[in-house]
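As structure tokens, one chain now follows by itself in the form predicted on its own.
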């Protein structure tokens, strides 16, 4: 059975809440990390409840309602989310309270809201949805695990439609910690010039996205998710090529059939080698990249999937996201492959078709 994306709700460092637009107005960041463009939450959440919610919970509920509105669905058959780090802001808030109050007189709200499954639970409460509810936290495979679960529910006919999401946030305190590693660039740079800085590390981002999956074909669907594959710690670029060969053959495709390859280039000279290798030696087609728009984080696959689905729906690759523009040729976009990895450990492949 085929799985289709019927609706999308996404809050990101770009203006992505309007599903009719596709990167019409690009937001340029020149800060140390990329924060989300906040919508008007009063459109989605009761103002009285808003006061008690952290930023990520507000974004999660709003993105889920955006998605269901886009899909024309009131109540999903299941809610599945993936997150790498969960609610970082609430975790920090609680730990700071522990330190400030000498471990006494602690307010429980931040602790209760710091668990990884808070978003899926809060979304279920907001939607009054009592169906299957699950959260995955598998580092760089968190969203991919959630998506695979949702696809299996559709294929096994355990649900007619499934709400699948991914979320991660960045805070100044958390950024100051990871800045001590070689995964983050030392200085603030202009995000749209990410690939021009040939140095170690990338720029961190954040985002929340939900996808409404269905097994019913419809002209209004964004795209069909044909397949998904994850690769854990491949030893060489040749192994990755062999895995992609296998993946395409399984789906009765050749690499020449791919109209667009979306690469997870993040400007880190230590880890971008595989992307350049695939562009130089494996695929011969149009390329796009996206992390200069979103930043890099555990569940950045949500932004990549949103981007891929919209290239098919709009039959367009925005100029700002084209990689190697001088070789870009205008042609119909039927088959799109997304290749991304998180810190050279968790490698993911999405295959989308019309």
Partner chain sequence: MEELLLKIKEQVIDVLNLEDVEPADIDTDAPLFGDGLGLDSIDALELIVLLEKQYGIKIEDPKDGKKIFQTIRTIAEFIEEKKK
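Positions refer to the first chain, counted from 1. Since the structure is predicted, the reported quantities are computational estimates derived from the model, not experimental observations.
There is another form of this protein, the form predicted together with its partner chain, and it is not shown here; the text below is about that form.
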{"item": "Answer option from 112, 188, 125, 178, heavy atom within 4.5 Å of its partner chain in the predicted bound form", "value": "112"}
{"item": "Single option in 107, 249, 152, 98 placed near its partner chain in the predicted bound form, where near means a heavy atom within 4.5 Å", "value": "107"}
{"item": "Which of 25-33, 41-49, 310-318, 286-294 sits within 4.5 Å of its partner chain in the predicted bound form, heavy atom basis", "value": "41-49"}
